[in-house]
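In the block that follows, a single chain appears as structure tokens, in the form predicted alone.
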Amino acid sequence: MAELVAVIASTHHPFYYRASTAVGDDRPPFADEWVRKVEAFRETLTKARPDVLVMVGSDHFHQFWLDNMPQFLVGKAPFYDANFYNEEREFGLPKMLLTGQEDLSAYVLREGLDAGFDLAFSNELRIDHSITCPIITLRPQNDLPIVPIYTNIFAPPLPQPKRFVQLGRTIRQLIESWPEDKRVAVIGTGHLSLELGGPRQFGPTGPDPQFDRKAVEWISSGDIEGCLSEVTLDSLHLPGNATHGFMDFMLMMGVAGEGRKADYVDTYDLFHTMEAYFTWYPNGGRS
């Protein structure tokens, strides 16, 4: 059977690549500390020695639009092109080609359907920065096959927060029942408080530092029930108009498990957002 060797949750700031590669006067003053934190975070994945990456993210209206918006989708292609033109233009992200793990994609899709999730799928999925950013930060050599799983955090009606947690639990069960001798890491990216295009977008921190502190505590302590008792689709509008991306963090809490404290936690306040990095080792990192 496959072994789940790491569960990793992080934000996906699209400007990291440009900031980390800039030199001279173009290099922002926060870049060196940001790079230091990301490189330390990267080691938590390297330590796990994965063979396969299950990548959870959300399409930013690049491939999916209101004419066809899946709630949860599994990519099942042999290769995935990335990124999109506006991401190359605005964020300086490179064009990338990612290899797919078709066998695990097919297993997650079939068994996920049988477990009660009516998952959509795509054989022609193009990947955007919610998945390429954690590849750049955590596995820049881009040498491992992936299974992309997209969630809808943008276009109402959205799934309830508890459904994200349930999907996370199911993903873990499916990985651990996959009849292949592979080491699998699950990497999911989302947001803490976030405002896009609104009056709170460009503050010195995220738009709601109090929510950010509470969210970090929920995630780091594995307090799924406490989180579910306060987080609703309506409440997520209050910390910032794009804070529904926090539900992808809740999905990753579901993968990690109720009451499971993170083995690694780090944060970094940047302009308009808090970066947050979490890693769990299901087996204590011993294998």
Partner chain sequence: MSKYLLNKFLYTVDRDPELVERYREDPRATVAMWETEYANRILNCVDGESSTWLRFDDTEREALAAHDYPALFELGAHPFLTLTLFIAMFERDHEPMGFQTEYARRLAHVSMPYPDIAT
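Please read these numbers as outputs of a predicted model, since none were measured by experiment. Residue numbers count along the first chain shown, from 1.
What comes next is about the form predicted together with its partner chain, which is not displayed.
Contact with its partner chain in the predicted bound form, judged as any non-hydrogen atom within 4.5 angstroms, is confined among 148-156, 113-121, 212-220, 173-181 to 148-156. By the criterion of a heavy atom within 4.5 Å, N86 is counted among the residues contacting its partner chain in the predicted bound form. The shortest heavy atom separation between L196 and its partner chain in the predicted bound form is within 4.5 Å. Its partner chain in the predicted bound form is approached by E90, whose closest heavy atom lies within 4.5 angstroms of it. Put simply, Q63 is close to its partner chain in the predicted bound form: some heavy atom of it is within 4.5 Å. Residue H237 is the only one of K47, R27, H237, K37 with a heavy atom lying within 4.5 Å of its partner chain in the predicted bound form.
Checking Q160, T99, Q201, T205 for any heavy atom within 4.5 Å of its partner chain in the predicted bound form turns up a single hit: Q201.
Each of D67, N241 and F271 is positioned with at least one heavy atom within 4.5 Å of its partner chain in the predicted bound form. Residues of 8-38 that come within 4.5 Å of its partner chain in the predicted bound form, judged by any heavy atom, do not exist; none qualify.
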